[in-house]
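Before any questions on how it binds or moves, here is one chain, the form predicted alone, in structure tokens.
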């Protein structure tokens, strides 16, 4: 049972509510979920709900139908995002944890950490204490191994997660690990769950090899009821009749548990299949099924590993897997989480949700986007900077450029290209008008359109549909089935949704993303109405240059830029464009985009917009740019950045 407290409840009234519940046989726990302060009443006590609801300071009482009351979606409808150091698990990000099964030496854990960090892992895993089936197998290095792991994590700005096997070790381990792992063998070690939960640190809870989903969630309930608010569920395969793989990965558990529970769910494909070359397919299947992340075993020399070498990936295999995850993420509406490889906190500076400036210092200014809450640009912003990033909506793309130039925001997010409609010329033109603004990052977002209306509306009662003109074009096949609908164009999709909310219109619908419906409290009448599901928009993160440098979004990681965007025109003479492109070709620089557009006010003259892949040697690229400037006209350098793979 959940008791939701009034926001202005006095300490006295809160204590009286606690006493009331304890006197009637409940154990109680106070907790904050979103904006609400609640008391969870757990156990088999007996109470009159109506009487409880009349107590001073009690706003309402919610009786849950699930035995896992604190973990249930009946208690909290919004997804919980678990914070581990500077890393967040859940929401719109895919978080990857990686490392060896067991810490074998200082050199081994450091080398593994460096390799997985380079590929994009953000949390380091490794066993200091290893529960093994055989008493003669390697049991881990104990506290010395944990010290080695902590040292490697701090050097690479990676929080660490390690398994705890005994209540006696909890107090020793709590200051060295950022997250405890409860292994499959200990999922129902209730004394261990209570002890670890009472420490208040994040916990990774693996599903037992023969546990039902409800038993798994009840184990999570032990942790939540004991004191921690940060629990991540980990599906690692269950025991079935199949013997070819180590376990059977229960893919169905991911969407089922996410429907039942608000806690993030990740998958351990290494233990699920136990066969090295089957880990990547299982990992990708987990992401496709909706997992919030993965924990993957990686070892520099798996054949020589002291534990689970057969299922540990070589670093090169892990690198390929990370590239595949990054390609798959937009399809499922998520983004692969990246974090800086050096900690700003380690340098004595506060962390920020915005960007690092040209000197590597963070700021706390908001990030700008065009449109209203729920706009696709806001979704892109949250993918890059996090769901809790400070953000400000502005009325136009130009206003975003102005805010970035004036310094009232640390960065802006703007669309520059759609896979179906092509380049967004208005924004490419703005780059030419704002030479002090640079592209510092990019993101590709899958565009999934919905038909959105008032809660009282029904499809057969709709007479008017509002959206951006591109929204109409991208949903033409669906709209053709309703020829009697009147189409009203709006500046952007989210504004179309906002207009319905403001007017309370019942016969009007909008075409926009599902996030816009949630932002304005409206109903989704139909999802996936776009004609072509291969509909992606490429967003650019823009910021003001500082000298010849531009700031870097820390959430994109500290990886070196791998892409650049340029604009130039060429002299009116034979072979001039060929000459410019040959400069790139001769230096081995790959051209990934070439587009021409007329120059306004100069008939029959054209600007060429190009994107290139940066070579490993920066001197080669710099030399090519100098040669291009000598041969081209109207040269504009839009920026170097880390491209979405």
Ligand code: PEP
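Quantities reported herein were computed from a predicted structural model and do not represent experimental measurements. Positions refer to the first chain, counted from 1.
Just so you know, the form predicted in complex with phosphoenolpyruvate (PEP) exists too; it's not on screen, but the next bit is about it.
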299, 125, 449, 466 - the one with a heavy atom within 4.5 Å of phosphoenolpyruvate (PEP) in the predicted complex: 125
Single option in 185, 229, 398, 278 placed near phosphoenolpyruvate (PEP) in the predicted complex, where near means a heavy atom within 4.5 Å: 185
Residue 253 within 4.5 Å of phosphoenolpyruvate (PEP) in the predicted complex, heavy atoms: no
Exercise: residue 306 in contact with phosphoenolpyruvate (PEP) in the predicted complex, heavy atom 4.5 Å: no
4.5 Å heavy atom contact, residue 492 to phosphoenolpyruvate (PEP) in the predicted complex: no
Phosphoenolpyruvate (PEP) contact at residue 410 in the predicted complex, heavy atom, 4.5 Å: no
Partner-proximal stretch of 144-152, 526-534, 475-483, 125-133 relative to phosphoenolpyruvate (PEP) in the predicted complex, 4.5 angstroms, heavy atom: 125-133
Sequence-ordered residues of 76-110 touching phosphoenolpyruvate (PEP) in the predicted complex, heavy atom within 4.5 Å: 101
